[in-house]
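First, one chain by itself: the form predicted on its own, in structure tokens.
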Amino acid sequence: MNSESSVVAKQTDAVSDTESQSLRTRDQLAPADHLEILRQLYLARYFDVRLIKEKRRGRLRGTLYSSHNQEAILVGTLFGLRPDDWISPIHRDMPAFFLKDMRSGWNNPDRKGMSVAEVCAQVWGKEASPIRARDNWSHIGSLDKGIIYSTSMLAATIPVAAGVAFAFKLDGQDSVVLTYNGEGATARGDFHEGINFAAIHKLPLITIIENNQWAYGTPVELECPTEDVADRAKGYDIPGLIADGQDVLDVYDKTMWAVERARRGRGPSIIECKTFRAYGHGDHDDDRAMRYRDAEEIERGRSRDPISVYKRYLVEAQLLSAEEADRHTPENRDALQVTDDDFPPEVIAALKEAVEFAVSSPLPEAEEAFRWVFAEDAE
């Protein structure tokens, strides 16, 4: 994994010296913003931990796609967005559905993001889920919340997101669209078609590439012929930025630079966030992943936990005392090793309420299986 210094050095190749000076949007964050970012990192991690434990207890069916060790990408890309911006998450981005516009207040019913309870209802396949139990995990979205419905075919939503961005441009809106994909998705045809269309029409589309080094069981060197996936941006004459995916503020800075550029009508960008997938592709792949990835690679890839990286920054910046930083310590440990004492009480309470809501919610009536299949009367 690239060091932070090499990430910054390579990044400046994509932008002019003048533009690169505006990359430190973090300097505009208030102390309360920094502490909220930390809370959101804790929440994203605990969502993952809680669901893994629920699955082990036999209270949850289906496949889990862990975001463990990649939380800085989700929090860093979403924290600075406006409520009217749109996102297109993928299967490893479940916290994104409730992190969107969470800056407006965790319990604010008017915010443009899903509640944690709605997302849990989706995972448990209950009536209260956004698609009323027609699928589980990440195949959800919301036109009202500005979330494009996700599919299993990564990169397939990029042309859709480009269409949403095109509508913004035609309507004279300065809203932006963020899409999320793994590095393997950049080898697909719809990635090229969507980015090419966005580049030609200078659409406000930012494509976040979560380069966690593995596309299922395929290593990155067999997915992309260049060292950096962001180099693909050169073919479209758009910026290709590289962010340290373990550093939430580096992700935030690069994202906000691309977002403000898009708002000014200057078109799309690609941001490659270098990270590492903590577990298998899904929990069905965990044992196999221990064989196609050796222990040394896993240890090295997980050595810089995004929570510990950010807490170290907060302590050095005197935004958090060392005692406060040590009060909750879920970082650098597997999901089954941590306990509720390792997380802030408000994070535990938020998930507890959401899980209880999902478990107690009813299943939809069987007759609903025919709903939304054929055209229905407006009545």
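Heads up: residue numbers just count along the shown sequence, starting at 1. Just so you know, these numbers come straight off a predicted model, no measurement behind them.
Keep in mind the form predicted together with a small molecule is missing from the figure; the text below concerns it.
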From the candidate stretches 230 to 238, 165 to 173, 180 to 188, 262 to 270, select the single one in contact with the small molecule in the predicted complex, where contact means a heavy atom within 4.5 Å. 180 to 188
Heavy atoms within 4.5 Å of the small molecule in the predicted complex: does Trp257 have any? no
Looking at the partner-bound form in the predicted complex, is Ser303 within 4.5 Å of the small molecule by any heavy atom? no
Is Tyr279 near the small molecule? Define near as a heavy atom within 4.5 Å, in the predicted complex. no
With a cut-off of 4.5 Å between heavy atoms, is His91 one of the residues that contacts the small molecule in the predicted complex? yes
Residue among Leu154, Ala117, Leu81, Ala161 with a heavy atom within 4.5 Å of the small molecule in the predicted complex: Leu154
Tyr292, Tyr149, Trp106, Tyr216: which sits within 4.5 Å of the small molecule in the predicted complex by any heavy atom? Tyr216
